[in-house]
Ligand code: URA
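Read the single chain below, which is given as structure tokens and is the form predicted alone.
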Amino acid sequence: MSLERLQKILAQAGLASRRQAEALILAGRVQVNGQVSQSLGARADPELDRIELDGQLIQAREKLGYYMFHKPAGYLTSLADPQNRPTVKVFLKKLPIRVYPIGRLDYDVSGLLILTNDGELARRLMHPSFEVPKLYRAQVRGVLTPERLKRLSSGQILIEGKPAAPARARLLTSGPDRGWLELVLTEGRHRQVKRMCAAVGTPVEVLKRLGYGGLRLDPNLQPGDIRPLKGQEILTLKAQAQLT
């Protein structure tokens, strides 16, 4: 049994601030197991007791969770697939709470996924107006000439008739028929890295996401591994989403 003050339970359920919750209790608007409770020292168990505000049952707010996931290639970023292909759900089952990926990575793409049940944070990070930076490393087929790199950064590549936002492109290695580059995008259109690279004549062969919203993929995370985000990492994401 975990007893907590009623004002804390109301506040955690998102119904009022602590001070507002105290006023609701003193006004006789809160009931515990059918009995009005007007004591500011009253305690209850939010999991076992029936707590009501103005006759409406209070539902405890789900505990928020934030995780870093190293998605392996060969899995869909969804929790179900009508074609019965492997999904990331198999990795999420071991977590203590239900969380969801922020955004998507293609079936054959590996790398950083942020998992959370913080709906407002997820919504903001996926909205194009916040221009969340995403760092990718790609192996491409063809020669990565300065002209091709410049075009990737130009903002003039069309995707479905609309120009892609300018990307930051950096050459890592270049050979006679293949090369590696890093790309930073601030929008997340469907298969955007692959489509941009194909548009300049260097189709992607291998793609991995290394960064998202100011976070970098933990080098100690093996494909399939998940770890909770650290406090500063959560603050970094919230700052990117302009949440305080």
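Don't overthink the numbering: it's just position in the shown sequence, from 1. Note that the coordinates shown come from a computational prediction; the quantities given were computed from them, not determined experimentally.
In what follows, reference is made to the form predicted together with this ligand, a form of this protein that is not presented.
Problem - Non-hydrogen atom contact Leu125 with this ligand in the model of the complex at 4.5 angstroms - result: Taking the distances in the model of the complex, the answer for Leu125 is no, it never comes within 4.5 Å of this ligand.
Exercise for the section: Would you please decide whether Arg43 lies within 4.5 angstroms of this ligand in the model of the complex, comparing each non-hydrogen atom pair? Expected result: Outside the cut-off, so no.
Exercise for the section: Could you confirm whether Tyr75 comes within 4.5 Å of this ligand in the model of the complex, counting heavy atoms only? Expected result: No - in the model of the complex, heavy atoms of Tyr75 and this ligand never come within 4.5 Å of each other.
Practice task
Give a yes or no for Lys194: in the model of the complex, does one of its heavy atoms lie within 4.5 Å of a heavy atom belonging to this ligand?
Solution key: Taking the distances in the model of the complex, the answer for Lys194 is yes, it comes within 4.5 Å of this ligand.
Practice task
Go through Leu112, Val140, Leu115, Val109 and name the one with a heavy atom inside 4.5 Å of this ligand in the model of the complex.
Solution key: Contact residue from the list: Val109.
Exercise for the section: Could you spot which one of Ile102, Leu152, Leu105, Val132 gets a heavy atom to within 4.5 Å of this ligand in the model of the complex? Expected result: That would be Leu105.
Practice task
Choose one stretch from 210-218, 30-38, 186-194, 48-56: the one whose residues place a heavy atom within 4.5 angstroms of this ligand in the model of the complex.
Solution key: Flagged stretch: 186-194.
Exercise for the section: Would you give me the residues of 126-147 that have any heavy atom within 4.5 Å of this ligand in the model of the complex, in order from first to last? Expected result: Just Tyr136.
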